[in-house]
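One chain comes next, on its own, written as structure tokens: the form predicted alone.
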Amino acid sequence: MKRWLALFSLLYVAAFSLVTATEQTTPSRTAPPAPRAAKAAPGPTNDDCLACHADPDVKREAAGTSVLVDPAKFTDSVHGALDLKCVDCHADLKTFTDFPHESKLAKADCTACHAERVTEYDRSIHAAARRQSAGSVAATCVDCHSMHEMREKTDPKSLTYPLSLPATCGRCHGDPKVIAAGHIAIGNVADLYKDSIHGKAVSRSGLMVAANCTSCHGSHDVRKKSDAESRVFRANIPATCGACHEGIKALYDTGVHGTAIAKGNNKAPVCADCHSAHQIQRADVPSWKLDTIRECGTCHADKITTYRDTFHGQVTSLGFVRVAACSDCHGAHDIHGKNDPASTVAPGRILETCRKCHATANANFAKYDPHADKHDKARNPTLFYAAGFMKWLLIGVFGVFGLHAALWFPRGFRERQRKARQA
């Protein structure tokens, strides 16, 4: 009897526990069930896209151009390394399911990931050109970075790698058709750069520190040279060049030219006036030294005229550079007024300057005026009167002998006729 009671009690406890557990796990009829999350549409995967785009024989129906995307090159790209999906850039295909898609898709928008760079580009001359004309050939992101093979600029295979950048920019700025279509007034700057000291340093010597296109113009925010915020705006050129030539800029800033620019005088010469913009040459070659003399004369016309009257000027006009040119006496970048003690032609330093070429020069030798002007009575009174005397002396001599020849001509003519009759 006791065994049956114990068994009955055990069954009762088990049944009670089962009922309790069922009530706890079963939702109340009055409480609504928790909603299930909707399953997101997967969209096309990269494999879905490459089913067609990896085939080199697949072409667009209308244009007949290839739609090939090399899977290996995309995988090696910076986007492939980040495991981006095709639809991350081609957003209008995210919910697409029915292949093939439309032949013309919306252009990929880089703003989602590169908002700062796109903002910079929007302020550039390239973006402005595209806004002005729907058919503009101005560069966009893919023109410089490529489309599916984008790489970091530190990658030697990248189009924006420092040694590759001149060729990348040259695809537009060295193409006569693009130059004509884009109305680029400056012309083929790519070839000018190739022959410059910077271009040779990049292409021949492989110098990573040599100036390339972005060093002077910037990368995404390339602006017109007339834009005050442009790196090549006239007043900004010394700072742009000084980013590499810091020591030269320090000298230039102390000179009369740099001081004038700092005060807002944009007529004062800057780096590009003497060295040019894209075809910069070595400063120690004879051709450049001779060209610099003419360049100085574009601003200092009166000085170049008096310089050409001297021995120095006449020798350099024959193509020789072993005599003094402008920079030999006045300096190159830190040019100062002659009344400035720091000037190389100041009274206290002029003898030192002359002795760079004339080692035995003395104080009297240094009094020689290299810009003597025979028309300036106040500066050179002796030369003014001497030149005047020589002028009238020559006029008198040629006048007397001219008159003599004119009076002698009739008599000589009659004398020749008389001798002819006698003969």
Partner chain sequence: MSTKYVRRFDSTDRLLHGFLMLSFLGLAATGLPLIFADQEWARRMAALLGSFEVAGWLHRVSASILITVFAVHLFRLARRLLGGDWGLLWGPRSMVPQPRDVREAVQHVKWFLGRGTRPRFDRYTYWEKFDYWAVFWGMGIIGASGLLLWFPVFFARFVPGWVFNVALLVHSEEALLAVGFIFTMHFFNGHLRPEKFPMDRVIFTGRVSLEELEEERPDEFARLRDTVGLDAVTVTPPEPWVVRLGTVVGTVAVTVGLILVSLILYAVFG
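Residue numbers count along the first chain shown, from 1. A quick note: this is a predicted structure, and the numbers were derived from the prediction, not measured.
Note that the form predicted together with its partner chain isn't included here; everything after this is about it.
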Is it true that 209, 230 and 285, all three, sit within 4.5 Å of its partner chain in the predicted bound form, judged by heavy atoms?
no
Its partner chain contact at residue 419 in the predicted bound form, heavy atom, 4.5 Å:
yes
Looking at the partner-bound form in the predicted bound form, is residue 356 within 4.5 Å of its partner chain by any heavy atom?
no
Quick one: does residue 180 come within 4.5 Å of its partner chain in the predicted bound form, counting heavy atoms only?
no
Spell out, yes or no, whether the shortest heavy atom distance between residue 383 and its partner chain in the predicted bound form is within 4.5 Å.
yes
Contact residue in the predicted bound form, from 310, 343, 327, 236 (heavy atom within 4.5 Å of its partner chain)
310
Per contact check vs its partner chain in the predicted bound form (non-hydrogen atom within 4.5 angstroms), the hit among 332-340, 302-310, 252-260, 194-202 is 302-310
If we check its partner chain in the predicted bound form, which of the residues in 312-334 reach within 4.5 angstroms of it by a non-hydrogen atom?
314, 315, 317, 318, 320, 322, 323
